[in-house]
Structures are given as C-alpha cells and as structure tokens.
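Take a look at this single chain, the form predicted alone, given in structure tokens.
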Amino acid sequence: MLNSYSSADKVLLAVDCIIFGFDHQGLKILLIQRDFEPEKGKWSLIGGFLKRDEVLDNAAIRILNTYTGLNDIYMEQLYAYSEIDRDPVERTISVSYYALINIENHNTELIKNYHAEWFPIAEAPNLIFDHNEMVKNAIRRLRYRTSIKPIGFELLPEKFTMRQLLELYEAILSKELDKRNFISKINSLEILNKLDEKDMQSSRKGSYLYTFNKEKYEEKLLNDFVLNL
C-alpha cells in the first residue's frame, strides 16, 4: 500500500561534491584519501550523508564548509546515481554537486587534517565507486555552462588580469581561445571593473587588474544571454 511507510525499503542518501579550483597550473580538483572501509587508502570525492533535518542543498553547503572552511560557494546540483551495487556496504543513492572555489581562499589546515589534496584534472588518480563518472559529468556540465554563461569568477582572486581570465576559460574548456574575440565578448557583458592598478609581474609594462561587478554578473547569470565561446 502507498501509505505503508513501515514496510518500505530504507536506503541511504549521500551527497558527493566535485570541487574545482584554479591556479597558474590550470584547473584542479579536490580529492580526499579515505581513512575508513570500504576502499580505505583510496581516493574519492568529498561527501557525506543527508541528515534528517536537511535539504540536499544544505547538506552540500555543510560538507563544503567542513572540508574547505568556506561559505557562500558557487555550486550546482548535477545528477542522482542509483545503481544497486554502487556502494558495497549499504544501498546508497548519491546526489552529486559541483562547486567552484578559489584555491587561495580555502583553509589549508582543514584540508590537511582530512587528508585531502588538489590534483590537476589530467593527473587525478582513479576514484572509488562511480566517482570517476561523477567527475566526467561535472566537467561536461562546467564546460557547457562556461561556454554560454559568464561563470567561473569564483575560481579567480579578487583582482585579476584579463590574461588570467582567458587562461581560466581555456583551462575549463580545454581549448585555445582567440584572445581578441574573447576580450571583446567579455567586455560586451559589462561585468568587469577596470582598476587603475597593474600587475607588474606579468610584463614590463604591466597588465591592468580587474574585479567583477557582482550585481551585473548575477544579472547576466539569470537572464538568457549567451556567451557562445
């Protein structure tokens, strides 16, 4: 019967987070080395179980804060994974999220305490269960979002050069972009504030620094504008 809760099967609901970061070496992913069975000593995504008093988004926020010390993180729910034998211990359904953070801002002590480590995407180790599939799907979604919407600024420092922004997009999309065309499209969005300051490490003349206009940035995320990179 539909109203017979007591006779229904009980399953665990997990939340797994694909956490992306970016530095001068390119796009990276944060992974954790498990210190418990099953698959003790192997690498996995960062995750946890949904609590009785939580909705999924709040569970993801809790997990991200626990391992990085950060709040107000850009994240997006992806897919549910429900293969019967995906977890050898308990019947577990997992909902995946991807998140974007600035590597410089996270709490390094927290990451060290949890045996977590940043890996370049191309050098990430093999992961447990179906986590490799989750990563592939997250990268696919991130590339799609980046190609049509101005996202990814969460991966940059507060002040950045146009070259850094270009390198970020090239790292995410895994392809070389035409510099003039890219700058033209970004400037047309009117989401950047050009500063009077320069980064003198990038060249002899220096490169102007920018910040992003959060109000216009969020407006562009909500409307139907297509970046089309």
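From a predicted model like this one, the values you see are computed outputs, not experimental measurements. Quick note: we count residues from 1 along the sequence shown, nothing fancier.
The same protein also has a form predicted in complex with a further copy of the same chain, omitted here; what follows describes it.
- Looking at a further copy of the same chain in the predicted complex, residues 108, 126 and 201 place no heavy atom within 4.5 Å of it.
- Here is the short version: of 139, 93, 103, 116, the single residue with a heavy atom within 4.5 Å of a further copy of the same chain in the predicted complex is 93.
- At a distance threshold of 4.5 angstroms between non-hydrogen atoms, residue 55 is in contact with a further copy of the same chain in the predicted complex.
- Using a 4.5 angstroms limit between non-hydrogen atoms, residue 77 touches a further copy of the same chain in the predicted complex.
- Mapping the unseen interface onto this chain, residue 38 counts among the residues with a heavy atom inside 4.5 Å of a further copy of the same chain in the predicted complex.
- At a distance threshold of 4.5 angstroms between non-hydrogen atoms, residue 189 is out of contact with a further copy of the same chain in the predicted complex.
- Look at 193 to 201, 156 to 164, 179 to 187, 59 to 67: in the predicted complex, residues with non-hydrogen atoms within 4.5 angstroms of a further copy of the same chain sit in 59 to 67.
- Residues from 130 to 146 that approach a further copy of the same chain in the predicted complex with a non-hydrogen atom within 4.5 Å are limited to 144.
- In comparison with the shown form, the Cα-Cα distance of residue 157 and residue 68 increases by at least 3 angstroms in the predicted complex.
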